[in-house]
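There is one chain below, alone, in C-alpha cells, taken in the form predicted alone.
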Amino acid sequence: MLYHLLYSLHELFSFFNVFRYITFRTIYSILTALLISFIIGPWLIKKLKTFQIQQVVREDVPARHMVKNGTPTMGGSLILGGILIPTLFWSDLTNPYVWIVLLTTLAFGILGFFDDHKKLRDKKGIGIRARYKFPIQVAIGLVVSFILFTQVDHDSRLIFPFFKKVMPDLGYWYILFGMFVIVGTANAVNLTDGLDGLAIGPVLIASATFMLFCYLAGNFKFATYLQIPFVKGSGELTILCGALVGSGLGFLWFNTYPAQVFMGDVGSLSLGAALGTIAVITKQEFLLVIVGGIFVMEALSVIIQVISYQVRKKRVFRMAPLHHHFELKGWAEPKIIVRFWIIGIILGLIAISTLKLR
C-alpha cells in the first residue's frame, strides 16, 4: 500500500523514485517487521497469559520439558502479523506471486490455529488428528500448486543445484510435486519446533537465503549470468522474505531460551508453507533441501524411527524428532539449539555457493 502511494509521487518529487528499488523496500520490510514484533510482542504475551493460552506439555517428551507447562503459546500469530503487514506495505500488490505466498501462509496459519486451539482444550495436548489435518494440508497444497501451474504459467521442469543441464520436465505431475514440497516443508518445520528458538533459527537462515535467490531469479541479467531460472515477477518476493527475516528476528527476541512464548502450530506450519511455496515459485525446490537441511534431518529421524520400530521393533534414536535424541543423551538445551543453528548457517552457505557451481 505504501509502495503504491509513495511511488506514485515520484513524478512530482524525484526522491520517491527510490521506492521502485526492491532492495530499498526489502530493508524497510525487515525494519517494519522488527518494529511490529517489538511493539506488539510484549502486549501479545500478556494477553496470552491473561486468556490462559498456555502450553500443555505432552507426556511423550523428555521430562525436563515439564517445567515449560504454562508458557504462553500461539505466538506464531505475532510472526504472521510481522509477515503480512510489511508485505502489504512495501510490495507491489499487483504481483500474483505475493498474493499466492501470503494466502498459502495464512491458510496453513489458520489450520495451525485450530490445531493449537484443540491442544489447549485437550488435557494431553493432542491437537487435530493427522488423518484429518493431513488431507487439509494436501488440499491446500494441491490448490496452490495447480494455480501456479495453470494460471501463472509456471515452468514444470525440475532444477538441480550443481547441474545446469539436468532439467527433467514433469508436466502435469509437477502439481503433485509442488504440493509435496509445500506440505513436506510445513510439517518438517513443525517437527523441528520442539526447543526454545530451535525452529526459528533455521527459518531465519532459509528466509535470508531465499531473499537472495528471489532477487536474483527476478532479475533477467543476474539469472542469465548465474544460469538459474528467470522467473518474471519473483523479485517482489524478496520483500516478503525480508518480512520473514524481520518477523523471525523479532519473535526470536521473545522465543530465545528460556522462551517467554512458543510459536505453536500457527507459526511453524505457516512458516514452513511460506518457505515451500517460495521454493516452488523460484524453481529452487532442491535448494530448499540443502538450506533447510535441519528440517530434513528432523523429519527423516521421525520417519526412520517409525519404520524401524514397526519392522524391527527397535528404535534407532533414543527419541524422535532428532533434537529429543540429543536431549536424552544429556546435551543441554541451549547447546542443541546453537549447534543446530551453526549447522543451518553452514548449509545456507553451501546453498549460496551453488550459484557458482553449475
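As the structure is a prediction and not an experimental result, all values here were calculated from the model. So that there is no doubt, residue numbering starts at 1 and follows the sequence shown.
A second form of this protein, the form predicted in complex with a small molecule, is not displayed here; the remarks below concern that form.
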item	value
Triplet R58, T73 and N190 all within 4.5 Å of the small molecule in the model of the complex via a heavy atom	yes
Heavy atom of F262 within 4.5 Å of the small molecule in the model of the complex	yes
In the model of the complex, G218 touching the small molecule (heavy atom, 4.5 Å)	no
Partner contact for G194 in the model of the complex: the small molecule, 4.5 angstroms, heavy atom	yes
Contact label in the model of the complex: N255 to the small molecule, heavy atom within 4.5 Å	yes
Stretch in contact, per heavy atom within 4.5 angstroms of the small molecule in the model of the complex, of 64-72, 30-38, 44-52, 289-297	64-72
